[in-house]
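Take a look at this single chain in structure tokens; it is the form predicted on its own.
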């Protein structure tokens, strides 16, 4: 786990994760003050398109008060808290990075959401999610960190009840990546493997999923990451005061790398939905 966490910290996004506390302090929500889920959504959604993407996941997964959803790669817990609040479902937020998991659990407690959202620190590849527990799985830009797709999607299938659904936002190769792009992905985004669409779908169906549907999110995500970088540059002085220069430089490097990758035309965005065969 130590080596895995060290690799993740090559990403500027995952360094100094408690910077969200500085964001809350700037909002006048410092200390242990109670929070609303809406207080956090500008800061705790590490994926693209924020709660709009989670709304899309809710529409597909159709959770309700009797559902149990797994958020795979849950980060600061933003999607898990939002999904639980909007639907009433129970959510298990699985995050491999211990510091992210700890911060996420503290934020969930401050939101008074702990009865619905449980935080679990562990590795999906090790089967920590259990067997036949979940009605649905949501994963927002997490699968890109995992090269062993056969084990991953088999673990997802084992964790779901028969007929359970999965919603994934992830990277896909539109064309062969250049050596420089592969290096940037591996070193700056901790993304060791990007399959093409056919391979991705084959990996999912090979684990027992059916009714696989895909949506090309490339144009939407290219616009999102480009706008994110511009907004970050515009706010740089304020953010240096808030986080410190080293943290801002790390985030700048990460956001710039991702924007350049999408601009290159070889990296694409994929939304995949599927159902586990009964």
Ligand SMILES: C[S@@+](CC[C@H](N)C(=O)[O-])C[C@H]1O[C@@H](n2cnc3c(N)ncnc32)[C@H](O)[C@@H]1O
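Quick caveat: nothing in here was measured; it's all calculated off a predicted structure. Numbering follows the first chain given and starts at 1.
One more form of this protein, predicted together with this ligand, exists but is not displayed; see below.
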### Task
Answer with one of 155, 92, 103, 97: the residue that has a non-hydrogen atom within 4.5 Å of this ligand in the predicted bound form.
97
#### Entry: Among the candidates 160, 173, 168, 146, the residue which, in the predicted bound form, approaches this ligand to within 4.5 Å (heavy atoms)
146
## Note on the structure
Only one of 242-250, 208-216, 39-47, 23-31 has residues with a heavy atom within 4.5 Å of this ligand in the predicted bound form, and that stretch is 39-47
### Query
Would residue 88 show up as a contact with this ligand in the predicted bound form if we use heavy atoms at 4.5 Å?
no
### Message
Considering non-hydrogen atoms and a 4.5 Å limit, does this ligand approach residue 109 in the predicted bound form?
### Response
no
### Query
So in the predicted bound form, does any heavy atom of residue 137 sit within 4.5 Å of this ligand?
no
### Query
Taking heavy atoms and a 4.5 Å cut-off, does residue 123 contact this ligand in the predicted bound form?
yes
#### Entry: Contact at 8, 74 and 79 by this ligand in the predicted bound form, all three, heavy atom at most 4.5 Å
yes
